[in-house]
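In the block that follows, a single chain appears as structure tokens, in the form predicted on its own.
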Amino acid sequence: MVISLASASPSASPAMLENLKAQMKLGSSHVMFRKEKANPFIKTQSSGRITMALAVNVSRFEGVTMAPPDPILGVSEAFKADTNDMKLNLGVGAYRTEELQPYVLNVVKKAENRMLERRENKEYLPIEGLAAFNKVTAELLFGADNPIIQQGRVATVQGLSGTGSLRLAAVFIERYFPGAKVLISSPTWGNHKNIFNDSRVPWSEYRYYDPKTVGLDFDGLISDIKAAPEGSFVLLHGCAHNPTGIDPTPEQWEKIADIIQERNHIPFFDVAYQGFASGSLDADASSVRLFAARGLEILVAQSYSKNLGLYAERIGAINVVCSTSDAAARVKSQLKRIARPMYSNPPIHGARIVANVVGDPALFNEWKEEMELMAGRIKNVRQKLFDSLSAKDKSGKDWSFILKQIGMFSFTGLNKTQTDNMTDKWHVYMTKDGRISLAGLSLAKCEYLADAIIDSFHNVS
């Protein structure tokens, strides 16, 4: 910005100029003076003028707008600022103890101690990640004796947890299936749409949640998958659907597989809760294994944030099941090519933890026991919340959907206005779609939460 001022005096002394400068102190702005001759084509009262040019620094980034707060992570920031003793953070899906404190699994501590004892270095991993990790993670997902592994038909690349693994797959789809659409459940995890938008992959929604029953809209789901363009990618939650906690039954999974096979679609699984949903690694992987057993080519993104509590380690993988080992080798090479300019090499610490825990029979069995305990705590909280709601609510409303849901989350059916009441009046922090994370709830706080839900449901339109 430049501001020019003219002096009526044609002969300003150096002292006058310095005095003007002293009077125009404007922070980091730059003040420049120059003596100019009068312009013969412009009539002025003097034969000359003093021009002061004021240059104000203006950012090149003035056109950058402020982004809205993240709908999930922003909840935690608001929670931290609240000083009320009864406050509850039910927004972020991170496991907490009964005392609502973060929890580091014992098997993780043991694995890390072993890593220290071995004095392992911090050299770069290959682009595809730690070989031992890739081996055990594919075996955990599909089963070690699965023919697709024995035949070398699975391309596995270590990714930056579930988000990074999904992003690798999204860029792969955009590059090798241009114009192909991804079908996403309505609702879904909030970051799914961001990932595909930023990867320039078109998407549309298929019906999933039925607000009337607070359950699965199975007929709508089937209808929408049938109507999708042939060869679409169908994004499915392997278990513990986020945000609803509503999963298809085994029979419904069979029907979904039938339709996807008939329409020549490509199933794309997001598996973020294997072992953490039901407490059984095999049960929580049954949907993925069903599709693999049918001979379908599938994509599966994995995360170890929840089941091993490795939230900050950013450890996961993208797996692509192909019809031949040759195709798997080519797919893996291209996934590596995508990863190279994106982040070059994945982190090693979390990969070694997973490889040590899953690859060691003793630690593996101990891990399964810890997962059962974590999943059991969530189930107990879910039951206590249902009991509290049923006992306190005299309206006759059926709250049994809470027990039918599975995993870390429960979809309450509350709307935005009602969730605002939960926060403003009751200091309960949650996402505006009505999802609550039961991992952030203790048995001691269940009755308090029940009071908040009943008040918000019946007294707020």
Partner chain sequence: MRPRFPLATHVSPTDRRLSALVRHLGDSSASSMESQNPNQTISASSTAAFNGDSVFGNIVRAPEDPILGVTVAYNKDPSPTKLNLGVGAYRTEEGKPLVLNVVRRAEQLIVNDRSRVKEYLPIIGLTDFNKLSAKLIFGTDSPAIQENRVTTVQCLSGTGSLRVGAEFLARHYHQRLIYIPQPTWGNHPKIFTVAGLSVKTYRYYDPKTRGLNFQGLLEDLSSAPSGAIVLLHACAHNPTGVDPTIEQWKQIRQLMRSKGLLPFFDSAYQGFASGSLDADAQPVRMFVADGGECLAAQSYAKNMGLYGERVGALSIVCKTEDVASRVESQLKLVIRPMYSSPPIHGASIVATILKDKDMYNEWTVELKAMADRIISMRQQLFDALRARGTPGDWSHIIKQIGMFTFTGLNTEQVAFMTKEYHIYMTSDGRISMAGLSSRTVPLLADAIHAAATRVV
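Being a predicted model, the structure only gives us computed values, none of them experimental. Numbering follows the first chain given and starts at 1.
Beyond the structure shown, there is the form predicted together with its partner chain, which is absent from this document and is the topic of what follows.
Its partner chain in the predicted complex is not approached by K135, whose heavy atoms all lie more than 4.5 angstroms from it. Looking at K368, you'd find every heavy atom of it more than 4.5 angstroms from its partner chain in the predicted complex. Taking non-hydrogen atoms only, K394 never approaches its partner chain to within 4.5 angstroms in the predicted complex. In the predicted complex, its partner chain sits within 4.5 Å of a heavy atom belonging to G295.
A327 is the sole member of A327, M86, A131, L373 with a non-hydrogen atom within 4.5 Å of its partner chain in the predicted complex.
None of E98, D219, E205, E112 but one reaches within 4.5 angstroms of its partner chain in the predicted complex through a heavy atom, and that residue is E112.
Heavy atoms within 4.5 Å of its partner chain in the predicted complex are found in exactly one of 166 to 174, 385 to 393, 220 to 228, 207 to 215, that being 166 to 174. Along 173 to 198, residues R175, Y176, F177, P178, W189, N191, N194, I195, D198 each place a heavy atom within 4.5 Å of its partner chain in the predicted complex.
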